[in-house]
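First, one chain by itself in structure tokens, the form predicted on its own.
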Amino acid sequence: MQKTTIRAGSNIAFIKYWGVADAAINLPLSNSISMTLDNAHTTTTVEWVERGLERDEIILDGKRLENAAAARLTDHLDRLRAVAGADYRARVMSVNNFPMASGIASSASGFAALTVAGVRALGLELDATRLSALARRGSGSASRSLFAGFVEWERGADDATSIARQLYPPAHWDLRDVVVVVSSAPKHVSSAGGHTLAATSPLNQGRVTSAEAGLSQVRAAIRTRDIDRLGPVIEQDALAMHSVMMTSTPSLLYWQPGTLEVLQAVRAWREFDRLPAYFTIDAGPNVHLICEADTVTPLLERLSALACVKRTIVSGPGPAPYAVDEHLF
């Protein structure tokens, strides 16, 4: 065993994961497609300790997690222990370079980094497919962050077959995700909690059906590198997902006033300025604007004039999780 530090990128889903067929193993209702991000990431150091620790020690963004706050991460460490057939305790320190729990998929990068760091620190050698299935148990979208570039998570039928795979490497398309942060506050209901509510929405089945149709359109748009083919599909899927959230019981309304301001603005810029940028939104208030690299500068200029914009994060297609030489402790 040795101390291991891994950096994993978050991802932005073009066709979303929302709702579960089996909550125990995070089996989704449909496939999803995403782009792994190069500039929104989590760095995690894991050290397994044979003796001297009564419980796992977990520090996240400078805050020590105890009891219920640590339970989700401890449960995942238990999964790693089970794979290794070991009962070691772990020291874990993790830092994000973006606001967590605010709709930028921090659980995806977090559980991807924790899975790879934990497994390597145990001295195990698992391929990316096996790691993807293991990371999915902690956070469904983490299964996609195990791969670089453009990725599809297969719904599968069980724990072994619900895995992600790479569609295209990062160099395939010089796409950008401009994350528009309108709020850094943690959301009141986590994505994990929201997934279990999806089935209560009368719109849920319609959204799953439309997602199936959108998958083939998104695959084709990525294959041909066609932003104007991709854009309308990802906007429709994001709005459909949030419609399910808003009509669940209890309802979830993640949007803030700034969210709607950005949506209205990007549509106006597209219509009147012919600026080829399209929005998508994960489970939170912050907006992801998808465009090609040469659109970033004029887009940022326009965003700087909006009072609701707290900061922006620009990411291209990113790598698979990788080792970092400098440990966090």
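It should be emphasised that the depicted structure is a prediction, and the values quoted were computed from it without experimental measurement. Residues carry their position along the shown sequence, with the first being 1.
Note that the form predicted together with a small molecule isn't included here; everything after this is about it.
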| request: State yes or no: in the predicted complex, is some non-hydrogen atom of His195 no more than 4.5 angstroms from a non-hydrogen atom of the small molecule? | output: yes
| said: So in the predicted complex, is the small molecule close enough to Ala283 to count as touching (4.5 Å, heavy atoms)? | reply: yes
| 4.5 Å heavy atom contact, Met241 and the small molecule in the predicted complex | yes
| query | Do Ser141 and the small molecule come within 4.5 Å of each other in the predicted complex, heavy atoms counted? | reply | yes
| query | Should the three residues Ala13, Trp18 and Ser191 be counted as contacting the small molecule in the predicted complex, with contact defined as a heavy atom within 4.5 Å for each? | reply | yes
| Which of 167 to 175, 92 to 100, 141 to 149, 75 to 83 lines the interface with the small molecule in the predicted complex (heavy atom within 4.5 Å) | 141 to 149
| Selected contact from Asn204, Ser107, Ser210, Ser183, since only one has a non-hydrogen atom within 4.5 angstroms of the small molecule in the predicted complex | Ser107
